[in-house]
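Presented below, as structure tokens, is a lone chain in the form predicted alone.
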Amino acid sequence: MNNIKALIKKDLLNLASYKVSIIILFVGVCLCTLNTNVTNLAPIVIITMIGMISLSTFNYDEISKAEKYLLAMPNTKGDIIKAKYILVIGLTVLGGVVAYFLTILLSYIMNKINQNIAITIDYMSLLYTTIAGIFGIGLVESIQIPSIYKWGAERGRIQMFILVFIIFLIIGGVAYFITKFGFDIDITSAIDKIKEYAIYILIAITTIFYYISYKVAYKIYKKREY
């Protein structure tokens, strides 16, 4: 466990250069969305940016050849994989939590400063959006991390974009098929039925994505020779 903590600390130190940018990003995004009354967009934007920043640690390791050095120390490949997933998942969830409460806090402050603004926030809707944002970036990360271990940071990113494009193409094809052949599906009714359990469903699916991704990434990384 100490090895994993040290590996996470190493990545956090690499990301330290982003701290000012992250603070400006958080506050800037929240203020912009509050001024346009599209408050639910703030968590999505912030979670996406934090997720992408956390994945940049792979670039640091690849450029510096850090993994060869780390494996020469008392670290196992399992330690390195676990540290990466803990870091990526932790920062993504933390980004969502901070974005949620920061949006509420800034809206309260802006309402106090200017009584004419009257920013209103639907807390449950904001929560649903935050969880959905974590789910979305979780899907992307689940695809990209094994791709990075398979093809490297740069090629893995390209492969990920191709795969995501194929997924959207399939979804679009299915939607077209349903529309073309006139299947009667009441989407609104279906959403209303699962809305009560939506948060739990999204959390469960995201957890499954990460678990499968971890298993695939570990299998790939275990076979890699240095």
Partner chain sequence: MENNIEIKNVSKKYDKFELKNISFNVPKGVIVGLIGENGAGKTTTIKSILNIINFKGDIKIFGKDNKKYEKTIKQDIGVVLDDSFLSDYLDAKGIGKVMQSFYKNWNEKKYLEYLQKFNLPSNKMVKDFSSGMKMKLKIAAAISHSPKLLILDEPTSGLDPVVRNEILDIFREYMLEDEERSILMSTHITTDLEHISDYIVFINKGNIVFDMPTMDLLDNYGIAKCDEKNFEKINKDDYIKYRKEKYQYELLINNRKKFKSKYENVNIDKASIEDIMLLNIKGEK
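Numbering follows the first chain given and starts at 1. Just so you know, these numbers come straight off a predicted model, no measurement behind them.
Omitted here: the form predicted together with its partner chain. The next part is about that form.
| said: Using a 4.5 angstroms cut-off on non-hydrogen atoms, would T76 count as touching its partner chain in the predicted bound form? | reply: Yes, T76 sits close enough to its partner chain in the predicted bound form that at least one of its heavy atoms falls within 4.5 Å.
| Contact between I63 and its partner chain in the predicted bound form at 4.5 Å, heavy atoms? | Yes - in the predicted bound form, heavy atoms of I63 and its partner chain come within 4.5 Å of each other.
| field | Proximity of L70 to its partner chain in the predicted bound form, heavy atoms at 4.5 Å | value | Heavy-atom contact with its partner chain at 4.5 Å: present for L70.
| task | Spell out, yes or no, whether the shortest heavy atom distance between I220 and its partner chain in the predicted bound form is within 4.5 Å. | result | No.
| query | in the predicted bound form, does each residue in the set N3, A6 and L13 place a non-hydrogen atom within 4.5 angstroms of its partner chain? | reply | Each of the three qualifies.
| request: Spot the stretch among 76-84, 124-132, 105-113, 92-100 with residues whose non-hydrogen atoms come within 4.5 Å of its partner chain in the predicted bound form. | output: Checking each option against the 4.5 Å cut-off leaves 76-84.
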